[in-house]
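Presented as structure tokens, the chain that follows is alone, the form predicted alone.
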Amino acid sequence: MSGGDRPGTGHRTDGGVASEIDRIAELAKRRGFFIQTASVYGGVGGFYTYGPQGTPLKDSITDSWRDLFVTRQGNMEVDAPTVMPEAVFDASGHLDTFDDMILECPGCDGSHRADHLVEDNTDIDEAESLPPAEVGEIIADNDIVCPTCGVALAGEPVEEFNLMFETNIGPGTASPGYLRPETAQGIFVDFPQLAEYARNQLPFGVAQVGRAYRNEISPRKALVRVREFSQAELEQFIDPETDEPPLDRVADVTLPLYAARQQEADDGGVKSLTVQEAVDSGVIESDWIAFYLGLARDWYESIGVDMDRFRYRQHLPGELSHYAADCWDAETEIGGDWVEVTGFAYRGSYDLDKHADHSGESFSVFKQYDEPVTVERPTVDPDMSELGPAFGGVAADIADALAERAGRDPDAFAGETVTVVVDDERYDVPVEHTGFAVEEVTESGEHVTPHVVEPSFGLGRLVYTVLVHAYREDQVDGDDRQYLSVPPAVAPTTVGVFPLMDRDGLDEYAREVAGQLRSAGLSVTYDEAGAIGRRYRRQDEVGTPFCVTIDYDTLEADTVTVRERDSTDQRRVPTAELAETLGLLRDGDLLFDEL
């Protein structure tokens, strides 16, 4: 995801909370949040179907993300294909570096993530940052066995396994392609056109929400590690010399930070700093990363993440992705593990430089100066009639090297000869044959290759986090109750409408009310089956924040009973005001206690 791009999980910190995961798994299947795909055929690891409760929950979280990171920030959004040609991922580096550590059991032939075996059986949190050889030594030193069959794994090779799903575009094998492992590359390859849409004015952001695919070695923990997942990514293109984020908007937001220096210290731990304090002290080096950490912090809380089970963790040097100069993960605690739900990476100009080199196209923007400026530019005009006979087939390459040396180190041309390197060979060229000169040039602007700041959100992991963190148990009227305390704004259903009885016109009235609420844009479920208490429990269990009951007083006074999920408190509300009242409650513009 992008992630984060390379999401990981820490070791279990409390085996006793495993039941939390079991409860969510049972609830998710029974109530339709998510289920194993194609289970009638035995299923396949790493693929899940979102059910009738999980789909609206995921959509609500996505819509909330889009509102904050696209609409309110004034960014663009695109929707690129999920399959792209091999050249894209050759340029991006994914074909060479997008690997995990695999270890195959000699007993049952099962494949395992070697770093996960280490994390599950030792106190090492981030084994992914270690080299494969060292991971293999740790497995041997700790007598780690296969979790499937119990055979000892000491001495088994730990190898790199590329996670890309390969396919062919069109018939035959002449046009290899890959399922994208992140949505970001669909933005980068179309940067020249996107820059035009932004009128070549930096900074600008381009967002994308969509599916990504990784051929995980050992999918596990439900929605935490899967082979198909949804990302919400933003690529913020900036001029690294001049563009600054609006840091004042988030300067006072307090962040729970687990920096690299704290992870490496014996007594290190999470440290709470405001965004401004983190920047001033150098804990967060990039103002842009700090801005997005601050912007996202309150958003996580708004969708139902328990902030007592949340932190921002900085990547250690050994676990940084191939493109990242710095990266922080938003992590949530689930079942005793710290799980990455977002990666905030400073990608520099890596991606745009790579695609420019491989495609031969320009991936820069022209930055217009306020007024033309006159500058001195060193130039060369090699005399090829001299260089050709002297250097033969490498003469043209030497001419190119002279131009590069003149721009980088003009003082090198001060002597009688200048030295350049071509294919690791040094060549001494008489300066008189280089045509070296320093000219005054009037320029109206310059070409700038933007740097990229990327917040990458894993939507499935956020859905899973919200379910785990929202789960509650209590007793109501002496009966055990399970409920999901999800914020009303992201709940799968906003309101349940019930007739107290399915007779005496109560059911007709209730159906009419349900229809009116749907017409007002509210998500409504109608239920008349069973005792009213059971109907409340069903809605509590799927997180419906409000229930409306049509009773006999409704027929006389045209008011209804509105019940709030968490407290189970009830209020009478005029039917004519019901839709507006529920809308205000859903959006947080009215508190239930204020009714």
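All residue numbers refer to positions in the sequence shown, first residue = 1. For clarity, every value in this text was computed on a predicted model and none was experimentally measured. For the two forms, the rigid core is made up of the largest set of C-alpha atoms that agree within 1.5 Å on superposition.
Form predicted together with the RNA: not shown, discussed below.
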Indicate whether the candidate residues His94, Val476 and Arg563 are all in contact with the RNA in the model of the complex, with contact defined as any heavy atom within 4.5 Å. yes
Name the residue from Ala222, Leu467, Val88, Ile289 that puts a heavy atom within 4.5 Å of the RNA in the model of the complex. Ala222
Within 4.5 Å of the RNA in the model of the complex, heavy atoms considered, which of Arg211, Arg503, Arg72, Arg472? Arg503
Even though the partner isn't displayed, in the model of the complex is Tyr536 close enough to the RNA, meaning a heavy atom within 4.5 Å? yes
So in the model of the complex, does Asp63 come within 4.5 Å of the RNA, heavy atom to heavy atom? no
Although the partner isn't part of this model, could you tell me whether Pro181 comes within 4.5 Å of the RNA in the model of the complex, counting any heavy atom of the residue? yes
Ser218: touches the RNA in the model of the complex, heavy atom cutoff 4.5 angstroms: yes
In the model of the complex, which of 362 to 370, 94 to 102, 405 to 413, 507 to 515 comes within 4.5 Å of the RNA (heavy atoms)? 94 to 102
Against the rigid core, is the Cα displacement of Phe98 between the shown form and the other one at least 2 Å? yes
Checking Glu340 here: with the core superposed, does its CA move 2 Å or more between the shown form and the other one? no
Core-superposed comparison between the shown form and the other one, Glu331 Cα displacement 2 Å or beyond: no
Shift in CA distance, Glu160 and Thr167, in the model of the complex relative to the form shown here, given it is 3 Å or more: closer
Against the shown form, C-alpha atoms of Lys29 and Leu117 in the model of the complex: closer or farther, for a change of 3 Å or more? farther
